[in-house]
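Just one chain follows, in the form predicted on its own, and it is written as structure tokens.
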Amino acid sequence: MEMVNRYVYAVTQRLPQSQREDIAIELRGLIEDMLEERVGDGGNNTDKMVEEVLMELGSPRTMAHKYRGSKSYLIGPELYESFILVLKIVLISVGITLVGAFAIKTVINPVEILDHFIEFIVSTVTAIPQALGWVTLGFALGEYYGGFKAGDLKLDKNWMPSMLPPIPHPKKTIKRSEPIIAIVFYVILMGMFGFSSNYFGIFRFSDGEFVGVIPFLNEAKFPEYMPFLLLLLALFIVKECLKLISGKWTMKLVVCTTVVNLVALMVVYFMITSQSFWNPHFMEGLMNAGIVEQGTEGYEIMETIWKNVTGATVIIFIVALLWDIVDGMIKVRKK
């Protein structure tokens, strides 16, 4: 009954997550009843009978269309549940990030609480629409390029059961939790860079009280890089949305991942190799804070680390993005 399993899998993968199990049971029962009508009492099913039944039912796309009805949505029923789930998680993540950053800023520097609050409001009305917008775009692209369209029914006239793809290898599948966790991570970064980029650095304390931050980034020039950084994170969010929609590794997904990662690599390289990206007064700030003293071994070690931070960051990004591509290609080849 492998062909039946493949048919049921192909149909249910085109339906909302919450309906798949019930419809799989119902569809198997329907196929068994149709086979029994053909076989009669005491007979055995043959592959030919199974093919005839599946031909009568129609292609998986046609059958899924019957279960959920016609649609003309930006995000169809097949993806709607996952879409709403991700939107809720993104909204909560952005909210927690912005509120947390506001609270930390207020505790560290309560005198400027009004400025912090204004920044919080501005970040809220910009970060949330951006995050939700990019998630919506990712699902819309998945719906358009990978989803079902009523006009596609015409393509199923010559469908045959032999055209059913095999059920994917377990290692080929993508757990829902993986892209969702990644989306949350990118959304949090988007909120942090948008609201509190000046807090990326070494925190200074005196007698247990906060006195300032020695930033890693060049705060005077960082706003110029912000659009590129937000674009980078947005591309990653779209990529993870496509993974969530696909549910399994395919060559199309690998190609998409490759394109996004190459663009991301170029954006990262452009930003961090620029002399104006990093704080040009970082070592001076360390000396003024009394953390290191010029001419000492500690100063030389810290200076060496600071000079090599760009190269190390590029290498880490290259390795991580290449592994994302290679891992996908390996899983696609699983049978």
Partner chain sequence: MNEQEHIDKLMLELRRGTITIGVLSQLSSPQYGYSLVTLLDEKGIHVEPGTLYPLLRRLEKQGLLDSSWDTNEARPRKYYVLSETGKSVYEQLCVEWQSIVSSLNDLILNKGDDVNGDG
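Residue numbers count along the first chain shown, from 1. Each form is matched to the other, and the largest set of C-alpha atoms that superpose within 1.5 Å is called the rigid core. Just so it is clear, the structure is predicted and the values come from calculations on it, not from any experiment.
Not on display, but discussed next: the form predicted together with the partner chain.
- This chain is drawn without the partner chain; in the predicted bound form, the residue among Met34, Ala289, Met49, Val267 with a heavy atom within 4.5 Å of it is Met34.
- Only one of Met63, Met283, Met271, Leu54 comes within 4.5 Å of the partner chain in the predicted bound form through a heavy atom, and that residue is Met63.
- The partner chain in the predicted bound form is not approached by Glu303, whose heavy atoms all lie more than 4.5 angstroms from it.
- A residue is said to contact a partner when one of its heavy atoms sits within 4.5 Å of a partner heavy atom; Ile25 meets this definition for the partner chain in the predicted bound form.
- Mapping the unseen interface onto this chain, Gly29 counts among the residues with a heavy atom inside 4.5 Å of the partner chain in the predicted bound form.
- Using a 4.5 angstroms threshold between heavy atoms, Gln19 counts as touching the partner chain in the predicted bound form.
- Note on the interface: of 293-301, 306-314, 54-62, 275-283, the segment with non-hydrogen atoms within 4.5 angstroms of the partner chain in the predicted bound form is 54-62.
- Relative to the superposed core, Arg28 shifts its CA atom by 2 Å or more between this form and the one not shown.
- The Cα position of Glu52 differs by 2 Å or more between this form and the one not shown after fitting on the rigid core.
- Once the rigid core is overlaid between this form and the one not shown, Thr313 does not reach a Cα shift of 2 Å, moving by less than that.
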